[in-house]
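Listed next as structure tokens is one chain, alone, in the form predicted on its own.
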Amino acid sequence: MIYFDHNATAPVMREAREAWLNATEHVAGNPSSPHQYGAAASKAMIEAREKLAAFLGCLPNEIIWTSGATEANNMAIHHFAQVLDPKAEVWVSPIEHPCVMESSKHYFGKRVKFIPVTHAGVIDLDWLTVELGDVRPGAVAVMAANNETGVIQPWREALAICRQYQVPFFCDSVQWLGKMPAKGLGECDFLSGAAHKFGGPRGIGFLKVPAKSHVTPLIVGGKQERGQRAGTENVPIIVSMLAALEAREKQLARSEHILRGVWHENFERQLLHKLPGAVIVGAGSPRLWNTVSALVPEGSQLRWVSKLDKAGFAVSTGSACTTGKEEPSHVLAAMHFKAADAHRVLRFSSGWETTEADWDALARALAKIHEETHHGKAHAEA
């Protein structure tokens, strides 16, 4: 089976697995305990926090460990709901991950305002500039890169605009981290990330917050994380996460993602050639080197996914957190795609270990399924 669903979760890489095993064996204590075992665990956690801060470009004490990005994103929105004026709005891009969308609606209801998105899948910076000139929301949330389409958002520009008007900026960097350089992300006021998207373990993520801000806890019952997130920190998976990120940052420093981007582009050309009527979602916009979202012809998403699965390829229809819902993707709806078209989308997301041969094999499998479906339909009509 060739795996093309890394945006949902990536296999744990060797460096992360070895770091976890080593920490599990040698760092057995609770980091809050006063004895030597506790001190060793605390030291390992401090070092991991310092490494992450160095990659992001922020202070170590600005990082709060969480169980993943869903918790981190909920924590950020919950914090805004507790500290902002009761009448304050939050402005959110309508292509955010469901955990940002749903938590915003939960805490702010009708006070959520959506930032327009172009058909190419990018937020409208001109709109943001003009609107902020008239109104000051309590916070603005724009992700770094979209999980369904791979379209890269102008988060640096959005951050600069928000800074100009002194509006807190929140960025979900889950799909960016480990695929693009982390440097500069720490400039965002609030930033979330998770390990399992780039080869780290499941169950660990973080929320970066402003140094002078004490976040209102989402989880209470302990004084861990400087009183901002209760619960004993899982030191082995924290260490494992940083081992994975360190390995990915080295690959990025060697520009290994550039060649993988070429394989990605070659696959798209093959797909469009072999599947007449196919459309690349977000074509023309800067996109992650690992993600292809495409509208495919002939039949439903699930039929394609099933046939590809039988052919030995794991692909998805979009966000794993919304798969199974009958309504079309909110991301494609925000990009002004018709509901009928949204039901034709497939997402192919590779990883660092995916080869050029894997991409070529996927293109051949798609062409074969299309040909078989087309011939079967023609035979039935005859």
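Numbers for residues come from their place in the sequence shown, where the first is 1. As the structure is a prediction and not an experimental result, all values here were calculated from the model.
We do not show the form predicted in complex with ligand PLP, though everything after this point is about it.
- With the partner removed from view, the residue among S316, T70, S42, T354 that has a non-hydrogen atom within 4.5 Å of ligand PLP in the predicted complex turns out to be T70.
- M143 is the sole member of I237, V92, M143, A244 with a non-hydrogen atom lying within 4.5 angstroms of ligand PLP in the predicted complex.
- With a 4.5 Å cutoff on heavy atoms, S293 does not count as touching ligand PLP in the predicted complex; it lies far away.
- Contact annotation for A194: at least one heavy atom lies within 4.5 Å of ligand PLP in the predicted complex.
- When contacts are judged by a 4.5 Å heavy atom cut-off, Q175 counts as touching ligand PLP in the predicted complex.
- Although the partner is absent here, C99 is a contact residue: one of its heavy atoms lies within 4.5 angstroms of ligand PLP in the predicted complex.
- Of the candidate stretches 32-40, 45-53, 331-339, 62-70, only 62-70 has residues with heavy atoms within 4.5 Å of ligand PLP in the predicted complex.
- In this stretch, 275-298, not one residue has a heavy atom within 4.5 Å of ligand PLP in the predicted complex; the partner itself is omitted from this view.
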